[in-house]
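Two forms of the same protein chain are encoded below as structure tokens; each is given separately, as structure 1 and structure 2.
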Structure 1
Amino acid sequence: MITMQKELFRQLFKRAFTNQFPAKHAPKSVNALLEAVGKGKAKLNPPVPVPENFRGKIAYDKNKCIGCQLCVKVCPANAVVFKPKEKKISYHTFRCTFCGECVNVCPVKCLTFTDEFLLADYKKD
């Protein structure tokens, strides 16, 4: 218990190592920090690169899609919906669990993972 308290007090007085997340979307209250960075008075750590095979937002290429509906059948979250009129799919990011089943099963690779991971928004669609 004493070691934990020692570590806690030591960390309280150290400078933060992490950036404000995400710096480009920071509220106006941290504008002073961003201005200090611009003037060279403060430093932001560079972003960590996205690892290989990262499962980010799914990109859908309508032109490649053949309308086979395999992605619709394997999606456990019902994030992929078939549009019979267009013979294409509609992908709902807000439902997706990023399991990758639709990406793996697509025979023409019209569904792919991107490096995008900042998906929070005020609207669910």
Structure 2
Amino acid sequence: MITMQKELFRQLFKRAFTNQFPAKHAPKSVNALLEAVGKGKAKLNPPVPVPENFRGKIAYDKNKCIGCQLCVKVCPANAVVFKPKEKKISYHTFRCTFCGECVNVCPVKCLTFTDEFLLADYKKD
């Protein structure tokens, strides 16, 4: 246990290893804090940065898409749905597993990864 005690003591003087909580102290009202952030009066601790080639939310460039449906065919989670009238696809973030197979398969590269990963939301799209 002495080894462990030494380790723990050392730990006291180190920077916190985990992700910082967005605000240093729990705010009285979350909405008020978010408003202040929106106006640029307060700052939130940002999440840890992601590395290069991170597999985050998929960005879709509708204009480039040629409607070939390859992405629909390979998507394991049925997160890409083809819209036959428009000959375009719609992408459901909440079903996506971020495997990236659609990004690899798209012949015109209109699907790309972004760095976004904080995707919790009330709305479905």
Partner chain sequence: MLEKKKDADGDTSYSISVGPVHPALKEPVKLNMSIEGEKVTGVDFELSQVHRGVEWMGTRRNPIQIMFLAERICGICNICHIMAFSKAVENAAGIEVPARASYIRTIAAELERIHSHVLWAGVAAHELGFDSVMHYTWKLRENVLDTIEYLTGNRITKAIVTIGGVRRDIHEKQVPRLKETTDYYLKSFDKLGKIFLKDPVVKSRCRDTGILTKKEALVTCAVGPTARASGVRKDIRVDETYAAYPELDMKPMMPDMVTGETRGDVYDRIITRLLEVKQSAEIINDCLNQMPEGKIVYEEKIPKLLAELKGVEGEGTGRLEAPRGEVFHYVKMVGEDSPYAWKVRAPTYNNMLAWVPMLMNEQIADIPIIAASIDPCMSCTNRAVVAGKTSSILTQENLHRLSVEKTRKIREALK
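Only the largest set of C-alpha atoms that superpose within 1.5 Å between the two forms is called the rigid core. Note that the structure is a prediction, hence the values are computed from the model and not measured. One-based numbering along structure 1's sequence throughout.
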Displayed copy of the chain that is the form predicted together with the partner chain: 2
F117 C-alpha moves between the two structures by 2 Å or more, core aligned: no
Post core alignment: N104 C-alpha displaced by 2 Å or more between the two structures: no
By how many angstrom does F9 shift at its CA between the two structures when the core is held fixed? 8.2
